[in-house]
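Let's start with one chain on its own, the form predicted on its own, as structure tokens.
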């Protein structure tokens, strides 16, 4: 493959799961499996040893000079949100394969094996766990618990991965070993910082910690025309006050974002005072104490709303991931690689979650960002310029070489 391979491969992947609103490739669906099959074809065409594990992660191995050395893993994910774009995740997978091929074309011999990886279910858009495959690989979640997860349609992951439609690929050997020397991930920024700064590359300093909650407020339903305002126990008014308090606390905390992504009002009649409101809360920051500040503000606002509006409320934490700082030696190696290309890069935190946050728990990890046009992501209009895509692959290949040297005999 030539230097334009990354653009062509992303175009291939963009056709899988394409619909009017974007791309939908949820884990263990026929569409997501077709993407894994395409990855497998690239691996076989490149002469790389292909393996998969029980969680659905795929690995394409380029041999190193030291057969006893643990591999450098390089990858991202192929699944998408329901209205996903062509670059989130897919760029890191296709880019990893292109980087290995670039090393081949240049006759580079690494001491460590290098493996392009397609992690399973990073988005959590079908089964209720983000970074599902990398969580299982790194032992953050037990494999038995991961396989027991149920999708919204009631299908267990174990059954989905055993199905003909979305299951594991046939005739691919199992990969049991979890030894990892280091991890690199190439990704589109998904935000506007690089583009606005006119900087072609970013080296991630840390991946923001994230907590997800479900907040429920219950009041008393009634007729919209007959219950006086002063006699109402309206949970929607209470919810509005809580949401605004959360927004204010996130702004005051700094380096913190809080998002209400789902909001359900029951019973949902236009002429009925609501009985119950349920909404989601997603809080992220590279500093864990800032996330705690927003959580505490939400609890205080909920308590105030209960007292003043005579409603009942509860707040449940569904998922909590601490911030994941990237390894300083790895970051230095990536900077050396980019400097050696005569390119410019800045340090940048990641507000989005990535598989790298799981891999950082078991091995030194680093991430490289390329600009996102308009900072848009998780939408069909997600775009990155071809030149930036190609530059990112060059940076990744150079970073693999630098990391291999920095690891030495490890």
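Numbering follows the first chain given and starts at 1. This is a predicted model, so every value here is computed, not measured.
The form predicted in complex with another copy of the chain is left out here; the points below concern that form.
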query: Residues 191, 226 and 284 all lining another copy of the chain in the model of the complex, heavy atom within 4.5 Å; finding: yes
query: One stretch from 249-257, 106-114, 160-168, 133-141 that, in the model of the complex, holds residues within 4.5 Å of another copy of the chain by heavy atom; finding: 249-257
query: Listed residue (196, 329, 300, 179) with a non-hydrogen atom within 4.5 angstroms of another copy of the chain in the model of the complex; finding: 196
query: Option touching another copy of the chain, based on a heavy atom within 4.5 Å in the model of the complex, out of 149, 293, 273, 315; finding: 273
query: Heavy atom of residue 128 within 4.5 Å of another copy of the chain in the model of the complex; finding: no
query: Any non-hydrogen atom of residue 154 within 4.5 angstroms of another copy of the chain in the model of the complex; finding: no
query: Exercise: residue 265 in contact with another copy of the chain in the model of the complex, heavy atom 4.5 Å; finding: yes
query: In the model of the complex, residue 377 touching another copy of the chain (heavy atom, 4.5 Å); finding: yes
query: Change in CA distance between residue 254 and residue 332 in the model of the complex, which is 3 Å or more, as closer or farther; finding: closer
